[in-house]
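Shown here is one chain on its own, the form predicted on its own, set out as structure tokens.
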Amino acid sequence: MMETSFDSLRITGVKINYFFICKRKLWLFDRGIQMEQESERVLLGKLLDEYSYPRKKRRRVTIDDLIAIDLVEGDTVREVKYSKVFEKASIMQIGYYLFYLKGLGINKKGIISYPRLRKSKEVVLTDEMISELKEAMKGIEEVLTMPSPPVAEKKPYCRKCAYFEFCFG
């Protein structure tokens, strides 16, 4: 039996992902300041997601208007990613999907696919990952209740971020 109430789990997979990449981006995204539609990198990722695995039928499966899984195939959920740059965030995102599904009584295993690299990584939901996800969910709640965004911290990957001009322009 899981301790976390699903009523309090109104966190999307994208927010889990952003929490591990940039808390400021998470806060801005939550407030509806979404710059991704103008980003070439985001567009490339969407195209890759759309055209990878064309024979798979269960694509973009949305559950509870909260999590959107790229592919569901048998006992596996799959997330398609453009690159491994934010692998930790990707692992936690799909781990969150597995955790959420487990809370619904559905046990699956996860795979992150990098079609461009022709590589995949299996993700297993462990007790350690569940603890880390619970901490992340608390952290997300803290970030989202802040009255203003966290201060911009310049990181090596900021230049490629859709929010770069917003944060540093």
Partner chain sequence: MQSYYLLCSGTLKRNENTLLVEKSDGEKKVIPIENIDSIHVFGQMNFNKELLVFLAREGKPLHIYNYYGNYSGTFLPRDKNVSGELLVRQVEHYLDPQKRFFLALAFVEGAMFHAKRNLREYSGTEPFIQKIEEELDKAYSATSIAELMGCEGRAKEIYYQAFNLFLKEEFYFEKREKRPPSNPVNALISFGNSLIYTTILSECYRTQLNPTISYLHEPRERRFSLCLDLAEIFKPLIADPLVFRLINTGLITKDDFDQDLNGCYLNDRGKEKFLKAFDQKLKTTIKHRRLKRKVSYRTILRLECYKLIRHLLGDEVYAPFKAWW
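Computed from a predicted structure; not experimentally measured. Positions refer to the first chain, counted from 1.
There is another form of this protein, the form predicted in complex with the partner chain, and it is not shown here; the text below is about that form.
In summary, among the residues 48, 123, 28, 101, the only one with a non-hydrogen atom within 4.5 Å of the partner chain in the predicted bound form is 28. Contact check at 4.5 Å (heavy atoms) against the partner chain in the predicted bound form: all three of 35, 148 and 167 pass. Note on the interface: of 140-148, 48-56, 115-123, 61-69, the segment with non-hydrogen atoms within 4.5 angstroms of the partner chain in the predicted bound form is 140-148. Although the partner is absent from this view, residue 155 stays clear of the partner chain in the predicted bound form, with no non-hydrogen atom inside 4.5 angstroms.
Not displayed here, the partner chain is approached by residue 24 to within 4.5 Å at the level of heavy atoms in the predicted bound form.
The partner chain in the predicted bound form comes within 4.5 Å of a heavy atom belonging to residue 159.
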